[in-house]
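Only one chain is shown below, in structure tokens, and it's the form predicted on its own.
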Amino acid sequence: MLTLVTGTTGQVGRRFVPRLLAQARPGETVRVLVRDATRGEPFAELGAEVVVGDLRDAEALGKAVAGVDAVVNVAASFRGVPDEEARAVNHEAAVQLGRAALGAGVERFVQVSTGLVYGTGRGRLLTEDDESRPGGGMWGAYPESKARAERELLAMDGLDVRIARLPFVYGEGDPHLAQSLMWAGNWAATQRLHMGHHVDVAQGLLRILHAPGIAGRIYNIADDAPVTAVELHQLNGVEVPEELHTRTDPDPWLVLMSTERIRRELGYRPVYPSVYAARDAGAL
């Protein structure tokens, strides 16, 4: 089995690929698509094949998917990029990759998406059967483009597409936890953020990649304990601004996801059920 992974130099991809390589069985190989050959060297040293090219380049995609059995599309563009770039990478390039994979006879396609595609909350934990409702404080070009990519990939006849919806990912030196204060500083004290450690994101992706008979299925990946804006400040060792306590959370269930499906169907159990478990284990 030859698996192609895109987005390998991002925070998720660079941590996922070594785990994919580490659990590979005899005869299983990994190929990575990178824009810069130098940044592909660490993966080559671990045993991965490296293809140099841009996800938006049709010729590069053709080389990348040649002979491939499965694709894990981790590539994403968000946080501060222009809307046009977000749509080009998250939607257009993802669909182009799906078409290239279909044409090359790829058997499985894992699209890594985000819980932000749900949009507004529902007054309860979000499930994979909930439709996207654009809106809310975290809506924008990133979730919009990811949602469009999901719909178009799932509609491709003949391609076994599986969707993984991620929470706010952190751990292992990832700066996301510190960056969370860019938003949490403007939230109400009780507003919550659903998180997932890189170990558990990788676990979920591996389960979705390897499970038989789940074509067209969508899975939420997350931990068991969303944290509040107050906790995010405390975890970062930052004083909690008083104004947080004067605000009201406009949508208390925003992007809080149920993980019942991935638990029941794929046996997922978070290694770090909370950010506090990760902190105590020295895994932040």
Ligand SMILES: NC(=O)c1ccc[n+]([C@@H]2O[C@H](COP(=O)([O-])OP(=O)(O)OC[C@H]3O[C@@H](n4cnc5c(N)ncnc54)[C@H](OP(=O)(O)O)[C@@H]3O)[C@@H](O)[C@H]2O)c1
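Residues carry their position along the shown sequence, with the first being 1. None of these values were measured; they are calculated from a predicted model.
Another form, the form predicted in complex with the ligand, is not on view; read the next lines as being about it.
- Note that among 208-216, 184-192, 154-162, 106-114, the stretch whose heavy atoms approach the ligand to within 4.5 Å in the predicted bound form is 106-114.
- Taking a 4.5 Å heavy atom cutoff to the ligand in the predicted bound form, the contact residue among Ala76, Ala149, Val72, Ala101 is Ala76.
- Looking at Val169, you'd find a heavy atom of it within 4.5 angstroms of the ligand in the predicted bound form.
- Under a 4.5 angstroms non-hydrogen atom cutoff, the ligand in the predicted bound form lacks Pro273 among its neighbouring residues.
- The ligand is not drawn, but in the predicted bound form it has no heavy atom within 4.5 Å of Val227.
- Proximity of Trp139 to the ligand in the predicted bound form: non-hydrogen atoms within 4.5 Å are absent; the residue sits far from the partner.
- Along 10-46, a non-hydrogen atom within 4.5 Å of the ligand in the predicted bound form is carried by Gly10, Gln11, Val12, Gly13, Arg35, Arg39, in order along the sequence.
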